[in-house]
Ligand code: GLN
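Given next, in structure tokens, is a single chain: the form predicted alone.
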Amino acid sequence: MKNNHTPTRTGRLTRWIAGAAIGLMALVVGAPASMAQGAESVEGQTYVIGTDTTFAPFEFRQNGELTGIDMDILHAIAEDEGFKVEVRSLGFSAALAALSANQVDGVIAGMSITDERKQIYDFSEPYFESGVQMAVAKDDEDIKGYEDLKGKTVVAKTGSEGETYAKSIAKQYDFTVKSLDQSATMYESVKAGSAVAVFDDYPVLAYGIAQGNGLKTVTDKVPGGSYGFAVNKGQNTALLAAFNDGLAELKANGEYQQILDKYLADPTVNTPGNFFDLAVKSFPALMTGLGNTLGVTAISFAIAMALGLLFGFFKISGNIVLRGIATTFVNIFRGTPLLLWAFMFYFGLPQLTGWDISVWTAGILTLSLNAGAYVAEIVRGGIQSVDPGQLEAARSLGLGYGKSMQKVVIPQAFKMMTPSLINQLIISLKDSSLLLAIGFAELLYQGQQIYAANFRVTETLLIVGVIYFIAIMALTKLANYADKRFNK
């Protein structure tokens, strides 16, 4: 269960960044109108629904397809009520930010119905009653209950009901709670011995154990809250009513229970296999992620080079206005977090323009403007590092300022800039991994989708790391070859 009680530093940071981006745009344009008219019939309509990226068994990817309890319920209701859905896998905090920015019409993401959230969102009737359990490593015979946790460390998911419950009894049983962002990484922490137990939603634990996550439950389920489908308050009332009607129909005809049994009572078990099998099965999804990573990096860096050259020349201009514009650009994009701009462009910009900003557009804007600021400084430094006597000599031979720069100064400066530009290209490629926060399906995002379903975190991340290493080494070799070829 996900709620806003006792958020940890990571959860607060993500929500702060998303909130700051949306809040800044809201100051400029005010609150947007509803994306869908509540009074209209839902039949034939297409709604954009935001969800989490990794919250098995409610939403996760299997064979590249987004599946889970939430997804099956949503699609069954949509079919029954005659509307269509476009699902955007964003991450929990990002999905709520998208809902507030009217980037999506609703959110279904294992979201707990709380009094605080009711002030902001309208919820459907509960579609799942959850609870909390504690689990330990399968071979752990020492921890049999809460009383065995004295002086030890446990883990719980940031912003979850499990975290809230663990902290509520931490003093009573004298243990420490460490919060992490994903269930899969929590389980790895317990297996690695950095924590002795995990507190998590019981269906998530049950599914993970069925998939061979190496844990076992040692306590009974503690009753928790209810999950609900959410829309912005006072908006999309027809969609909310249709969800409630469809949910009631699913419960009446037995399909609802069949969906729950599919993932909880008798979940399909993924045979672990060996490392090679994991690599082979993961290869298609990871190659898709690598393609997206290289694509967004190439496009962004080409734009960054153009911006960097422009603002780099502005910075050495004799015109105070041009220098001021360049300095402002560099200071803004070097002095603010890249992740802030990802949220700003994807969630905030639509409020300013009224346009539907795609995740590719937001990603390219984020990377290109950030890298462009650094490239501008590289260009400025490269040009200023050329001996001023070179320019003077060229001018004394009768060349104008423009020709002197083009024929004499810039070729020398570019040779000195090339290593720094190659380094910036590599940094941009690695920075693209931050775009997973807005649901961009790059390499690390695909890795998360894989280990969220099979709970083989270390092995999956090792494969992702090897792919990153190979890609960066190949890119470096290519860039160095081009440097030697054109800078003889």
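Only the largest set of C-alpha atoms that superpose within 1.5 Å between the two forms is called the rigid core. Please read these numbers as outputs of a predicted model, since none were measured by experiment. We number the residues from 1 along the sequence you see.
The following text describes the form predicted in complex with the ligand, which does not appear among the structures shown.
Contact with the ligand in the model of the complex, defined as a heavy atom within 4.5 Å, holds for exactly one of F311, Y207, F243, F92, namely F92. Checked against the ligand in the model of the complex, the candidates G110, G348, G289, G372 yield a single residue with a heavy atom inside 4.5 Å, and that residue is G110.
D52 belongs to the set of residues with a heavy atom inside 4.5 Å of the ligand in the model of the complex. Although the partner is absent here, Y227 lies within 4.5 Å of the ligand in the model of the complex, judged by heavy atoms. Within this chain, G159 lines the site of the ligand in the model of the complex, having a heavy atom no more than 4.5 Å away.
Under a 4.5 angstroms non-hydrogen atom cutoff, the ligand in the model of the complex lacks K315 among its neighbouring residues. Between 110-118, 356-364, 297-305, 135-143, the stretch whose residues reach within 4.5 angstroms of the ligand in the model of the complex through a non-hydrogen atom is 110-118.
Residues of 197-213 placing a heavy atom within 4.5 Å of the ligand in the model of the complex: D201 alone. Once both forms are fitted on their rigid core, the CA atom of V222 lies 2 Å or more apart between the shown form and the other one.
The rigid-core alignment places the CA of L435 less than 2 Å apart between the shown form and the other one. With the core held fixed, the Cα of P57 is displaced between the shown form and the other one by 2 Å or more.
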